[in-house]
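Just the one chain here, the form predicted on its own, laid out as structure tokens.
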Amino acid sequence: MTDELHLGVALDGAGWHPGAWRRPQARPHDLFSPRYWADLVLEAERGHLDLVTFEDALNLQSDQLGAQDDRNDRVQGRLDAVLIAARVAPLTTGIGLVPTVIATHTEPFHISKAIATLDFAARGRAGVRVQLGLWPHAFRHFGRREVPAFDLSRIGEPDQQRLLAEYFDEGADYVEVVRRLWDSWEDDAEIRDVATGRFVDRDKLHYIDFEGRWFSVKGPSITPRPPQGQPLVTALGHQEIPYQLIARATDLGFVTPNSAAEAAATSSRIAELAAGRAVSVWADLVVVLDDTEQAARDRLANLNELAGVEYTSDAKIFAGTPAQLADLLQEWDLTGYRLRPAELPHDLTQITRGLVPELQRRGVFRTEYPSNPTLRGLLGLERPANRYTSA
């Protein structure tokens, strides 16, 4: 059984349930205010969680996966995830900040310097969740290239699997460019010697000269190597092709098993694909937590009533007590979990003030942060050496 668990929370709007914004404790008028996001992240930090992730997308929220609906009874619109993370970074001292970026439509040079800058602002606690944007309505926001439309209804057919593999290969190249740009400044490239007038050692800034099918990037970055050297790279995956991206390019993969056996099988498969490369695997769970199991189930039923439909998710939906959730987390025996609060702030405080104390009582979760933590340090990961530094 895992000795110490790692925990993250995925923050999105008023919560992951579409009816959450209509609950009494919700703050729908504050969703686009910095204070709202700061309050959530500070609550997560009070629970000594490893990280928070911020959702993002290039289309409005939709109940139809792969298509844009025109509903007006759902939360619509988001703030930029990287900018939210940058806003809350100076307010926090211990928790990791992991915004989502859409790799399909953004340039890796821009994201490399944005996440490096976030790592400076957060003093070594930045990460990034790389997400693809495959849907036609997202492509139409940019108009920069014509691409074959991905048909979700035929996802299992060979031509769609080939198309999916191409998108994920592009995602892997995207991460490679970002990582090379982070290394394009050696750690001691900055001299700042007023007497000699030398601010940088130009010999320690490197062209990355990446040439691939989708990107041709010269480098170096305009931003020095970030405090962690390589901020944490994460991705969410549901099947074999995304698992290959997780194994090939990320430090941490989020997956969506429905049982302990499925969690073990998925973790083993990603380890097999990684072929010795270290990759952590965490399970995503949507959580509805209350003092009793019946209260949690009643609240989920009320959320469904408010949404007008029974909520379904790519991840398992757990409704119960914090102690019951602690049982499940230990039974599944993964190194970590990313919990998606169904309703904010209610389910977040159930995590920080109910689940965390229960895990601490069981001796499987930290009671405080180490001094001046980095996100990689919280997860037990070394600071990577710079690939361009001579021995």
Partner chain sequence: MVKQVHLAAHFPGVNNTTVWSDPAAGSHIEFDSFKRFAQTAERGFFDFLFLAEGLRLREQKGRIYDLDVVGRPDTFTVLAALAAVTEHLGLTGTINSTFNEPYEVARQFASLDHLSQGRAAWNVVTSWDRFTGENFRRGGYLAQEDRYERARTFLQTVNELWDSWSGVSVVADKESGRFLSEAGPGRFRHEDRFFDIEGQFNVPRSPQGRPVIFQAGDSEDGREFAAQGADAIFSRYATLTEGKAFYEDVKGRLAKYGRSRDDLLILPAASFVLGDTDAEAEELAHQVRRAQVSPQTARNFLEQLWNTDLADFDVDGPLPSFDPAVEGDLISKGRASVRQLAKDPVALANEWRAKAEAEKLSARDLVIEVTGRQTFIGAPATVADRIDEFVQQDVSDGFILVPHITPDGLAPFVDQVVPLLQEKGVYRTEYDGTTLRDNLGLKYP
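All values reported here derive from a predicted model rather than from experimental measurement. Residue numbers count along the first chain shown, from 1.
Note that the form predicted in complex with its partner chain isn't included here; everything after this is about it.
Novice: For a quick test of understanding: in the predicted bound form, does each of D12, W16 and D183 have a heavy atom within 4.5 Å of its partner chain?
Specialist: None of them does, since no heavy atom lies within 4.5 Å of the partner.
Novice: Within 4.5 Å, heavy atoms only, which of A301, A265, A149, I222 is in contact with its partner chain in the predicted bound form?
Specialist: If I apply the 4.5 Å criterion carefully, the residue I get is I222.
Novice: Can you pick the one in D39, E358, E45, D56 that has a heavy atom within 4.5 Å of its partner chain in the predicted bound form?
Specialist: In short, D56.
Novice: Contact with its partner chain in the predicted bound form for T106, defined as at least one heavy atom pair within 4.5 Å: yes or no?
Specialist: Judged by the heavy-atom cut-off of 4.5 Å, T106 is in contact with its partner chain in the predicted bound form.
Novice: Even though the partner isn't displayed, in the predicted bound form is T312 close enough to its partner chain, meaning a heavy atom within 4.5 Å?
Specialist: Answer no; every heavy atom of T312 is more than 4.5 Å from its partner chain in the predicted bound form.
Novice: Within a 4.5 Å heavy atom cut-off, is G66 in contact with its partner chain in the predicted bound form?
Specialist: G66: no, not in contact with its partner chain in the predicted bound form.
Novice: Would you check, heavy atoms only and a 4.5 Å threshold, whether L79 touches its partner chain in the predicted bound form?
Specialist: Yes, L79 sits close enough to its partner chain in the predicted bound form that at least one of its heavy atoms falls within 4.5 Å.
Novice: Of the listed stretches (232-240, 141-149, 292-300, 278-286), which one has a non-hydrogen atom within 4.5 Å of its partner chain in the predicted bound form?
Specialist: Looking at the other structure, the answer is 141-149.
Novice: Can you tell me which residues in 78-100 come within 4.5 angstroms of its partner chain in the predicted bound form, by heavy atoms?
Specialist: If the 4.5 Å heavy-atom criterion is applied to its partner chain in the predicted bound form, 78-100 yields R78, L79, D80, V82, L83, I84, A86, R87, P90, L91.
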